[in-house]
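Here are two versions of the same chain, shown separately as structure tokens and labelled structure 1 and structure 2.
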Structure 1
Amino acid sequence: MKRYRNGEVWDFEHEVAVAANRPVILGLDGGTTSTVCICMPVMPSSDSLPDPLPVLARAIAGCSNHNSVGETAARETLEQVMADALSKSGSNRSAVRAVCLAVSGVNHPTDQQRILTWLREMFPSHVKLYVQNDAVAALASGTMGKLHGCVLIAGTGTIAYGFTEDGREARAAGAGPVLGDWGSGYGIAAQALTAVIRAHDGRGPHTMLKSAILQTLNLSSADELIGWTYADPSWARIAALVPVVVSCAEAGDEVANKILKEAVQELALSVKAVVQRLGLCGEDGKNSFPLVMVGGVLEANQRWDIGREVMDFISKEYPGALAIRPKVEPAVGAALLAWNEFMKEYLQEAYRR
């Protein structure tokens, strides 16, 4: 990504010859490691989507979580990545009809309002703006832009997020490792590290996690795990141990199996909490609804398949849950969401005239 000095971000709008004034949509997915922006043309109808989707440009930048990098840096990153995507697609801000910005760290209406305020300054007043938690983009990537159903994300962190067709929303988990996201990759790996320490100091049963983890980290004793753990506060570095836990569980280690089974229950519980609060399953518990499943923890294609176990758990309670593994990335989900919402409002306005 190019770096511009203050104010130069949008200079390309005067420099390049802008292609036919084709209306476009921007979708952004801002996670804790990177931010992706997708530019798509406004498609005439939402009845059937073209396959493949007509993506005009894709731009990528660093972290845009304001909790992690601060307000100013987050804003700069988001502005830059949108400018890059528009520039790459030979378009500019006057062609934009709607923007959906789905970023991690949006946990409260005040977060949403703060981002909307400065996003408003950036675009003409007729542009439709939507600010959401990044989980919402993941949901939309499975439902092709429709805000209906539940998404379960389990990567380094975990969250369940859902919407009813009439716009009510609910979430569960997603509060980070200190606040009990035990089904996350970080949660699974931290439990495994804890089991190693407990086996080592006599508080817990023997487990093959000890030799497997020490070997993976190239450490010679469990005491050295303490120094390793606190040397770097990155949650992703700890979560990277999940495959070791899965291997030990597959090899029959009881401690590793217990950790994974508890993670499955935790993940299923998050989905259940959202489904119950929104009544997605209907009064008889049998209504069908999309359940989008995303993230490294749910994608392990090994014998011990966490995603499948979670789905089995949920299907028993809610036979109408339709598991969806998205085929497009979350930023495309965000763009489809912006387009969907834009079309809805556009048609409503046309109807009123």
Structure 2
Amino acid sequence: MKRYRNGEVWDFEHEVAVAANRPVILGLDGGTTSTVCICMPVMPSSDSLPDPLPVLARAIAGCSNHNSVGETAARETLEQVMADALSKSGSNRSAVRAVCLAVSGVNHPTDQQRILTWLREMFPSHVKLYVQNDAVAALASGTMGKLHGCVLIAGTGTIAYGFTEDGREARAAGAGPVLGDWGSGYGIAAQALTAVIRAHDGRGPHTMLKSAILQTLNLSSADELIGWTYADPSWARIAALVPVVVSCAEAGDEVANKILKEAVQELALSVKAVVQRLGLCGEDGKNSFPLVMVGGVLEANQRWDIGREVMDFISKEYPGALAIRPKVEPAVGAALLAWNEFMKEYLQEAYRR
């Protein structure tokens, strides 16, 4: 294990009294907005998981998507949040048996290898390391560690990701705002901002969004909105305007309603693409499969309920889709994935002995 360039974050290891004989697992969910790390004990192999799950510590930090903040900032965020979780749990890196890092921006084997290299520099050689897209942890949070079915994430960004029981996988969307994450929080809010400028110019219809967004941002004119947008065009900052769009739609604004209806269609199309490619619905389209729904856009719980509209849209074509709202957060799903993989390898090694 090398002394990592940001190694001072591990100074607590010289001071903390580590609980004897308590191996732990780390699960990380790294989204576009924040990164969460969960530290759990290694549980004995069992057909059923304890309820509630034993969580030793939880830590949170900023964005760890290297496409959004750059490699250096992403790497430092990941190291900091893992160090915080271990410190809070009274553990250190020697106690870690497995780490599952599920982070947005992992779209290719080269992304996985880059992050595995970072992790290998941080942890002793005995630690099992797994790197996945953040959608995989979200799916596992709904299926309690089992990779089967489809997950739809719609928060700041959006992606649909699916697995079959024999290990095949497929994804749709998740390519970022430049390539069209329509249906995401960023996509909804960006369309709303565009609608405001179009209305201001006279190129588009009048919309309640103009006064509502200007009031929310404490701006006096649409001209100022241009400066506000490009002063810091971060995805999460833009996506934070989604509640304003929903409120205007609920108040009857046609432009806002059109934006949300198009978002519903885009999200449903992402799910359909994954389901069709993997055949999750069976030949007759009626087989049951879990559809895990995750993300702030899908959890509005307002009269204009985007998640409910998406599910209604999907159910018309796939009546076997079983909507699941996870009871645990994606970081716990990542920890369960790490635990499952670690126990699988542990039992295989024990059998070979």
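Numbering for residues begins at 1 and runs along the sequence of structure 1. What you see is a predicted model; the values in this text were computed from it and never measured. By rigid core we mean the largest C-alpha set that fits within 1.5 Å across both forms.
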Pick one: is 1 or 2 the form predicted in complex with another copy of the chain? 1
Location of the hinge, rigid-body rearrangement between structures 1 and 2, from C100, D181, V136, A263: V136
Quote the angle in degrees describing how far the smaller of the two rigid parts swings relative to the larger between structures 1 and 2. 14
In Å, how large is the C-alpha displacement of S34 between structures 1 and 2 after the rigid core is aligned? 3.4
